[in-house]
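As a starting point, one isolated chain is supplied in structure tokens, in the form predicted alone.
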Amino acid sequence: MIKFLFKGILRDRSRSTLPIIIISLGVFLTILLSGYIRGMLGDMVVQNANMDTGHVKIMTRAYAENKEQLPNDLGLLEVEELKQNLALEYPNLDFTPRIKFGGLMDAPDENGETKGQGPVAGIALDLFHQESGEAERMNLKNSLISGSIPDQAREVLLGHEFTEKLGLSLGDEITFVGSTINGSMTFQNFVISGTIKFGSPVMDRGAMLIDISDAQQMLDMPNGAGELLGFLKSNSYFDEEATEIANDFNTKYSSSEDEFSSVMYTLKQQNNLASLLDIMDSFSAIFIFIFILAMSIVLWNTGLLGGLRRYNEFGIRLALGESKGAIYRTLIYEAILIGAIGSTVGTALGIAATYYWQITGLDISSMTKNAGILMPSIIRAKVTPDLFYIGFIPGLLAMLFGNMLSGIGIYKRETATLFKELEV
């Protein structure tokens, strides 16, 4: 039966070509839109995790309450010992310390006189040990505009825009002016080893990246850190798993009566990301539902019109003695076959386009030029397992229901009326 119907679809293209094209196009758009929304949300989570929040973050209670002020004097102590203990208790997490600090960058001329100054937002992370994975998380290799990543003490990476603004170049010596955790002034000379551009104005206008050992010495923080970031070894954020770990850690180590006790926050508990991601998840689900519904209506009408146009054919088949039930069943089988063909073609094209968009991405840097939040400058789609079947919802079911509705008219055909139509 299937082989017979398939031959009929191929030979009578007037009744199959247009529905297959419409179904394929609708499924293609459904998959591409779904992949784009999932990729955009995923990129935002990854960028915020790698740049700031981690999948989980450990701070002291006092630091967490005033973290916008970067109160490193309220930071963590004996970080290496804490890391070793956490590695035993939570083996599915990789922990790495970071220090955030701010200050003034002074650029001297050839005579040692100041030729330019500017405020910097510094991030100290483990750059000297490749096993830390910090260079990969921050995407430093791809963000380098010139030079190289620091591999020895007193080397610094500066934002490319900031470097151009001060008229600096590779190998120039600059001076950082700031304060230690004890409140005293600190002056530290650095050599520019490279310039970077993250594509985020928040980072590019005054970013300064150094190894954490330099920051610990400069800020009088031996074996200390402002924050300890944890990343799941799967490299993907799972809120349930992160929440379970955070609750376990806080039960063991956190005390509301001790402001210097450690407390762990998940990614969604930081930077108002919980409400943002929940809202975006809800909107994405609504958008996808509305789009699928709209495509279903279009494909429903396609099946309905296709069935109505074939009433003369159905009349002839009834006149030849074929039963109404047999005609209705073949109409349903054809709808399933046409829907399956169109959905398969549309799914293949949609996944191919989504994968291409996942590799190349869409550059939106011009739209984020004045953005005040961390968000990727290149939006990429994402191929997820549900994309392999989500297109069959409008492609197969809508076509089927449309033909089922139009096929009801078969049972309303009267033989007397039929012969009058054939005489005409």
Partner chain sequence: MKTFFALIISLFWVAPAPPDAAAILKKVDQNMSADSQIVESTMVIHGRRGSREVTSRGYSEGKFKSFTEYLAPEREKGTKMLKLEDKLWIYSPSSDRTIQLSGHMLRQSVMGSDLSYEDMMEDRKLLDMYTAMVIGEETLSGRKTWVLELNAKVEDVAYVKRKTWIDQERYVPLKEELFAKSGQLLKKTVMSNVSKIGGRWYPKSINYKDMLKNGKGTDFNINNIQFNPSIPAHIFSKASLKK
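Only a predicted model underlies this, so the values are computations on that prediction, with no experimental measurement involved. Numbering follows the first chain given and starts at 1.
In what follows, reference is made to the form predicted together with its partner chain, a form of this protein that is not presented.
Spell out, yes or no, whether the shortest heavy atom distance between Gln358 and its partner chain in the predicted complex is within 4.5 Å. No - in the predicted complex, heavy atoms of Gln358 and its partner chain never come within 4.5 Å of each other.
Could you tell me if Pro91 has a non-hydrogen atom within 4.5 Å of its partner chain in the predicted complex? No, Pro91 sits far enough from its partner chain in the predicted complex that none of its heavy atoms falls within 4.5 Å.
Its partner chain contact at Ala62 in the predicted complex, heavy atom, 4.5 Å: Judged by the heavy-atom cut-off of 4.5 Å, Ala62 is in contact with its partner chain in the predicted complex.
With heavy atoms only and a cut-off of 4.5 Å, decide whether Thr114 touches its partner chain in the predicted complex. Yes - in the predicted complex, heavy atoms of Thr114 and its partner chain come within 4.5 Å of each other.
Has each of Val177, Met185 and Asp220 got a heavy atom lying within 4.5 angstroms of its partner chain in the predicted complex? All of them do, each having a heavy atom within 4.5 Å of the partner.
Among Glu155, Asp106, Asp126, Glu241, which has any heavy atom within 4.5 Å of its partner chain in the predicted complex? Flagged contact: Asp106.
Would you mind picking the one in Glu259, Asp172, Glu80, Asp248 that has a heavy atom within 4.5 Å of its partner chain in the predicted complex? Looking at the other structure, the residue within range turns out to be Glu259.
Location of its partner chain contact in the predicted complex, chosen stretch of 135 to 143, 337 to 345, 187 to 195, 248 to 256 [non-hydrogen atom, 4.5 Å]: Selected stretch: 187 to 195.
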